[in-house]
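A single chain, nothing else alongside it, follows as structure tokens in the form predicted on its own.
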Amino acid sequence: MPDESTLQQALRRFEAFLKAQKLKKTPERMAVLEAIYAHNGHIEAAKLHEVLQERHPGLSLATVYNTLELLSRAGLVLAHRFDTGKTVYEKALGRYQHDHMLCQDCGRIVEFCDPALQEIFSHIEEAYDFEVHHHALLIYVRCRKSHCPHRPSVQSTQAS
């Protein structure tokens, strides 16, 4: 379950956004918001739709996509389109600052946080008289493990 204060903050912001855009506050939209804030990490729209189907069987995949777009515009969800060809989403409130590594072998996304990067940003701000508003860092990696359990070929071999 998401942190109640973070969820409540997100709900209030989304309601204000919908009102400003003259859009309706629907139970389906609120369910999508609650589901993404209950999830830790990245999730694809189709997977989020699967999760929502348990409680909201009539909810369409189109509604999930449309709501994710609204949540993104409201600053409540971050959309990442890594080189996997699929967009993944994560909550924007109540999360720690992190960056991403994308494994070129299996497509696994790994989040990491390194305080040394903050030092670099502070140096950049001072040297160029800017303030870093936000950043996106994606590092492409390859697994050093010859039998990485995340590689599709290893998983299919193990399943046999």
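Residue numbers here begin at 1 and follow the sequence given. Predicted model only: the values in this text are computed from it and were never measured.
The protein also exists as the form predicted in complex with the DNA; that form is not presented, and the subsequent description refers to it.
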{"query": "Contact at 58, 61 and 87 by the DNA in the predicted complex, all three, heavy atom at most 4.5 Å", "finding": "yes"}
{"query": "Heavy atom contact within 4.5 Å of the DNA in the predicted complex, the stretch among 65-73, 102-110, 34-42, 122-130", "finding": "65-73"}
{"query": "Proximity of residue 141 to the DNA in the predicted complex, heavy atoms at 4.5 Å", "finding": "no"}
{"query": "4.5 Å heavy atom contact, residue 29 and the DNA in the predicted complex", "finding": "yes"}
{"query": "Distance check, residue 23 to the DNA in the predicted complex, heavy atom within 4.5 Å", "finding": "yes"}
{"query": "Contacts with the DNA in the predicted complex - residues in 102-126 whose heavy atoms fall within 4.5 Å", "finding": "none"}
